[in-house]
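Shown next as structure tokens: one chain only, the form predicted on its own.
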């Protein structure tokens, strides 16, 4: 921790230079924001199309399902903004950029995290917050202080879970060659799964995306608590209170996996 605090000025300089470079061309930056917003609206339209044909999805009515979508999108967009660029690690390995990072007196993972910060992805965060504001009065009738606390911590812990998945996927790149598409199945796939009620999945997939890749803890299980629903067999609503615990476990596993991979990294060979 002392080393991290000592190096904070260096991280601020790195992030500042990245942010300045992204906003230097304002028209391009605005188009990037519109592109991300259009993609988010397209995904939201899927919810509308589904509920145009059914009254409930996975046991959830329109309001709770919209709440699941909003919480998942806010959590994902925060994690994608901060650490989403870790999926470019294979190119860093091929070009020797990672080797140069290892020579610097800063942790490699911290350098990778601060090597980019995609501000354009904040458009998706803004859209998720708007959908969340619309969904809350539709989905929740009975507010309690405990529900307010859960609502506040859910996007943060959800983002932490997605960030841990990005770190874990990056750690796998030390053994895979151009394996980004395979690891994206767990990162981007978890984002898609978390946008819908986990109860729609087959029981095997439901267990996988709850206790192996904890996508259900990002939005579905907290929504069950917020909307006073019991949940399907095997997924009781009280599990929604354990989202911070799952985020901590996911980060512990991701960091152990990252350090194991980094210790066995022998260089790009160039």
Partner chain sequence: MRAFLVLVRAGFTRYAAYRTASVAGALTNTVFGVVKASITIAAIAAAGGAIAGYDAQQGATYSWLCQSLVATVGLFGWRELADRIRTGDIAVDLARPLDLQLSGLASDLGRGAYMLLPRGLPPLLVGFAFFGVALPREPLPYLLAALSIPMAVAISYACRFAVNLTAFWLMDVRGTLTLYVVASNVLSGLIVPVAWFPGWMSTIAHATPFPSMLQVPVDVLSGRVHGWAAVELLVVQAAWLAATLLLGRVVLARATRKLVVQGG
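Residue numbers count along the first chain shown, from 1. Just so it is clear, the model here is predicted, and its values are computed rather than measured.
Absent from the display: the form predicted together with the partner chain. The rest refers to it.
Note to self: in the predicted bound form, does every one of 31, 46 and 52 come within 4.5 Å of the partner chain, counting any heavy atom?
What the structure shows: Checking in the predicted bound form: 31, 46 and 52 are all within 4.5 Å of the partner chain.
Item checked: the partner chain contact at residue 188 in the predicted bound form, heavy atom, 4.5 Å -> Yes, residue 188 sits close enough to the partner chain in the predicted bound form that at least one of its heavy atoms falls within 4.5 Å.
Next item on the list: Determine whether any heavy atom of residue 92 comes within 4.5 Å of a heavy atom of the partner chain in the predicted bound form, and answer yes or no.
Entry: Judged by the heavy-atom cut-off of 4.5 Å, residue 92 is well away from the partner chain in the predicted bound form.
Margin query: Can you work out whether residue 137 and the partner chain are in contact in the predicted bound form, taking contact to mean some heavy atom pair no more than 4.5 Å apart?
Written below: Residue 137 lies outside the contact set for the partner chain.
Margin query: When the contact criterion is heavy atoms within 4.5 Å, does residue 61 count as touching the partner chain in the predicted bound form?
Written below: Contact check for residue 61: no, nothing within 4.5 Å of the partner chain in the predicted bound form.
Notebook entry, point to check: Looking at 245, 212, 230, 42, which is the one with a non-hydrogen atom within 4.5 Å of the partner chain in the predicted bound form?
Noted result: By the 4.5 Å criterion, the partner-contacting residue is 42.
Notebook entry, point to check: Just one of 184, 115, 97, 88 has a heavy atom within 4.5 angstroms of the partner chain in the predicted bound form, so which one?
Noted result: After the contact test, the surviving option is 184.
Notebook entry, point to check: Looking at 189-197, 72-80, 106-114, 151-159, which lies within 4.5 angstroms of the partner chain in the predicted bound form, counting heavy atoms?
Noted result: It is the stretch 189-197.
Checklist line | Those residues of 197-226 which, in the predicted bound form, come within 4.5 Å of the partner chain by heavy atom | finding: Going through 197-226 in order - heavy atoms within 4.5 Å of the partner chain in the predicted bound form - the hits are 200, 201, 202, 205, 209.
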